[in-house]
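This document starts with one chain, in the form predicted alone, laid out as structure tokens.
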């Protein structure tokens, strides 16, 4: 039986990673999303254990101490990590697992798992990225500015990924990412 493969989908906050990944999972078989753990508060509409495992910093530290993450990182004052057990289980079942994670964590995963495929999602422009961040209406001005500054740093890491996709029209971006995954299955 074919083992699943890890796909690391990264890019700046607000670039549309979540939208692309949700559409892929709806439209294609044998693809699952790894649910990350985070210490940040849920945004409106986010559900614990569906969008993230929302945990405290103490709980996060305990999981680190038990070597329970594939990767973890601090991003804009909060911690994010990918729990190991669920990912390994899906891979053994022949299911491809998408890790929709920030760039620092994505690089960690690709270093630990050289067979993983890294897909960097780019915004059409910084102006579009800023508009998307502001459109969320979930963060204050200071946080938006921090995310934009971080985005510029993250964009310099695109060459560390196997490929990139520009998220202009969402349908085209989903199609491009699906094509990458399907080619890797051959």
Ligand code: 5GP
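Residue numbers count along the first chain shown, from 1. This structure is a prediction, so every number in the text was calculated from the model and none was measured.
What comes next is about the form predicted together with the named molecule, which is not displayed.
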item	value
Contact at 125, 164 and 172 by the named molecule in the model of the complex, all three, heavy atom at most 4.5 Å	no
Any non-hydrogen atom of residue 113 within 4.5 angstroms of the named molecule in the model of the complex	no
In the model of the complex, residue 53 touching the named molecule (heavy atom, 4.5 Å)	no
Residue contact check: residue 39 to the named molecule in the model of the complex, 4.5 Å heavy atom	no
Residue 131: touches the named molecule in the model of the complex, heavy atom cutoff 4.5 angstroms	no
The named molecule in the model of the complex - contacting residues of 1-40, heavy atom within 4.5 Å	11, 13, 17, 36, 40
